[in-house]
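Only one chain comes next, encoded as structure tokens, the form predicted alone.
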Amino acid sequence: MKLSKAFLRSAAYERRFLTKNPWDFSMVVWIPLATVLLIWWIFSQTQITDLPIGVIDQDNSTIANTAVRYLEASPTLTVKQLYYSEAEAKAAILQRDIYAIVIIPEDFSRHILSGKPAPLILQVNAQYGTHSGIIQTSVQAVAGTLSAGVEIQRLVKQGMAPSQAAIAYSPIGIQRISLFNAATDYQQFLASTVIPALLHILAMVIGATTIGRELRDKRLGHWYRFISTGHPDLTRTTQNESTSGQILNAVENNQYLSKNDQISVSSHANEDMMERANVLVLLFGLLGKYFWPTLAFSIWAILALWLATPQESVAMSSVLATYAGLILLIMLSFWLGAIFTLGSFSLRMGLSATGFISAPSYAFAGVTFPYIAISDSARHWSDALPLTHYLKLHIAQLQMQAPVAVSLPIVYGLAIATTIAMTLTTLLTKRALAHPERWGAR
């Protein structure tokens, strides 16, 4: 009963704080919702099309015009402009009007007709890896098509049947079969994995600030006293209480407090109580404190997974396993944020640590850069990040539709890590209660 009361009192205490502080409320409710919807809207165009390129046609022949038409007909390219000098084309690249320039050299058609090599020169801005790769692939396809047409036409003129000419030109072909993400859906590839990464960052920030503001405002002792005894009543709503500092003033000036209660809120008179803080009461109090963020993020996690599986017939067991993994990742993020803050007795240090760990974690997760290609030290760092393991589960279950048994070890691992982090947070909170002289750091 005492533990359930600690949970309920702490949840009520946090509910009151969130309702009186709109920015903190937005951080829990509106900002994650806006993040999910905004990222999905950004990637609403699922495929990359019409990347602008330029062409310098120094040949001005029929074959060169055909090459330009083929480039324009490619679904991923669009010939934005014909340039007449390399300096003009370079200026366009520097201004990001175009991402590449295709140069059709002089004597292009003459070399083709005489059976000599006639290259198309592609100068691409490789600074943008995705753009560069798509442009190179598309221009290569156009060059291959044009070359095949010219060669087959030459063989036909020599008396060979068109079918034989096609085989003679390219006797070995590639039959490419895409096993997963066959349509190259960037919404599935990027948006569905970026959203959990951003929720992970927001959850760590909330985890740091939820307990960090109690330390910063020297209210940690008042919070513990309330969840353990119910006095003073920190859930009462009074006028002009909209900031954390005002809450403390309200407590100290509350007309409903007895004289003994007012004495008890002084920090020096309660050091013994803080040192005897009950670990289980603290644990349930912390669970109550993070109840509303957990509830809100649980709803946003459902929304994120619903958006990630609109066109796929994913098994319900896979969706449930992914949802369990995402909830565990979010809870682990809350506790990790709290650990960094409680460990340093500083909200600023806690937020700095959460940013250092969570912000670049997507880059190490193996989604955009191959996991097996990174260095050993980077791989160790990647293995230590919870986001890496969740995204493995996410991709395996929602995009590759692997058996659930493949990803269950990740769910178990996240559950164990969450339990350890929860326990460590409780112990660090108990330590923080025993050192009120260190409260108040920014």
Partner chain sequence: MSLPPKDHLSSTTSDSTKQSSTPSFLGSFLQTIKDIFSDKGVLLLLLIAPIIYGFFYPWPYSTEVVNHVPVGIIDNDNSNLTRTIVRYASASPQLDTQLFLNEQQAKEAMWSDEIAGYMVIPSGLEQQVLSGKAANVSVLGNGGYFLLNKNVQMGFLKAVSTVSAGIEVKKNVAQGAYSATAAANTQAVPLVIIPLYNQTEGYGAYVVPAVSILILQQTLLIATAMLIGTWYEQRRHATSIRGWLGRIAALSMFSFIIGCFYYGWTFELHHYPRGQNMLGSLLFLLLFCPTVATLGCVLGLWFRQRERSMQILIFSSLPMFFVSGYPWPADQLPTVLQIIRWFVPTTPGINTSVQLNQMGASISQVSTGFYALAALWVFYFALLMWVRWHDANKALKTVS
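Note that this is a predicted model, so its numbers are computed, not measured. Residue numbers count along the first chain shown, from 1.
Note that the form predicted together with its partner chain isn't included here; everything after this is about it.
With the partner omitted here, the residue from Ala417, Ile39, Val411, Ile56 that has a non-hydrogen atom within 4.5 angstroms of its partner chain in the predicted bound form is Ile39. Of the residues Ser298, Gln81, Gln153, Thr184, just one reaches its partner chain in the predicted bound form with a heavy atom at 4.5 Å or closer; this is Thr184. Among heavy atoms of Tyr70, none comes within 4.5 Å of its partner chain in the predicted bound form.
With a 4.5 Å cutoff on heavy atoms, Gln95 counts as touching its partner chain in the predicted bound form. Put simply, Ser132 is close to its partner chain in the predicted bound form: some heavy atom of it is within 4.5 Å. Its partner chain is not shown here, but in the predicted bound form it comes within 4.5 Å of a heavy atom of Gln175. Note on the interface: of 286 to 294, 219 to 227, 318 to 326, 86 to 94, the segment with non-hydrogen atoms within 4.5 angstroms of its partner chain in the predicted bound form is 86 to 94. For the stretch 401 to 435, the set of residues having any non-hydrogen atom within 4.5 angstroms of its partner chain in the predicted bound form comprises Gln401, Ala402, Pro403, Val406, in sequence order.
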